[in-house]
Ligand code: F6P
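To begin, one chain is listed below as structure tokens, in the form predicted on its own.
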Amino acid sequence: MNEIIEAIKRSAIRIKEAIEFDDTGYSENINSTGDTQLKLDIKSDLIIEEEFKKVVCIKEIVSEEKETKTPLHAEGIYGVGYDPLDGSSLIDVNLSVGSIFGIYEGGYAGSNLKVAVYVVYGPRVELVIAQDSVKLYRLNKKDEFVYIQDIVLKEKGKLNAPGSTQMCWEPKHKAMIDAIFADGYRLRYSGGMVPDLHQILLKGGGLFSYPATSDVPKGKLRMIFEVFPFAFVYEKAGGEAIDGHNRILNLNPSHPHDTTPCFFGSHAEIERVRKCYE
């Protein structure tokens, strides 16, 4: 497992450099979910694959940027699902973006997730590793990730990050979001999953939501690359993650790019979601 985490660290340093100095424009390629790929999406994906090829315990990888799984080492025991550059469309306006990794053993069901890792590329590069607990590391001048603190959510937070297209919300979802704001929660939503969820974690709690809507009834965010890893992080930090009814990590995707509605938060906020959707 340590070899995989070290490969992620090497990938993060290389991706940081690419973000700072490479072309931020669009390529001519379309990925498996119909999004036009940025050149940085493609390069980040290649960087991660190159680093993972050096790790013999990785049996296969599955990327948000590829349609199917990529076999690596027949003797490996882990599968790694990852989004190489989540929120990449924010790069041209110089907002924070990230990389997300889920390390699985025995298939890509939420229950098979062993470790979750994500990286935030912002004013500083930060790495979060969730295993038995959730630990925050920060990149220093020597390109070393230095431990900063453990991350623990409070019972109740103050931030609200409501995702998706508001005109497509169900009335009950809109009523819940309005009520949360009426209770004094502050809006914190950039359109980047990694920085928004990271902010809620570091500020002690709140709610991030990406519900089922009339335009995307199964939600937009992908289980293997995005939702499962952050569900794992939030649970290990003392919070919860549900699809509106069920625990996220009890879900089982039907294909590598399967999606789900999702709500991440501290206990008080997730209880409000349950009451809304029960």
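Source: prediction; values computed, not measured. We number the residues from 1 along the sequence you see.
The protein also exists as the form predicted in complex with the named molecule; that form is not presented, and the subsequent description refers to it.
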Query raised in the report: Ok, Tyr210, Phe52, Phe232, Phe225: which has a heavy atom sitting within 4.5 Å of the named molecule in the model of the complex?
Result: Tyr210
Query raised in the report: Leu249, Leu221, Leu38, Cys57: which sits within 4.5 Å of the named molecule in the model of the complex by any heavy atom?
Result: Leu221
Query raised in the report: Since the chain is shown here on its own, which stretch among 174-182, 202-210, 142-150, 109-117 would lie within 4.5 Å of the named molecule in the model of the complex, judged by heavy atoms?
Result: 202-210
Report task. Give a yes/no on whether Gly157 approaches the named molecule to within 4.5 Å in the model of the complex, heavy atoms considered. Result -> no
Query raised in the report: Is there a heavy atom of Glu126 lying 4.5 Å or less from a heavy atom of the named molecule in the model of the complex?
Result: no
Query raised in the report: Can Met193 be called a contact residue for the named molecule in the model of the complex at 4.5 Å between heavy atoms?
Result: yes
Query raised in the report: Is Gly87 one of the residues lying within 4.5 Å of the named molecule in the model of the complex, judged by heavy atom distances?
Result: yes
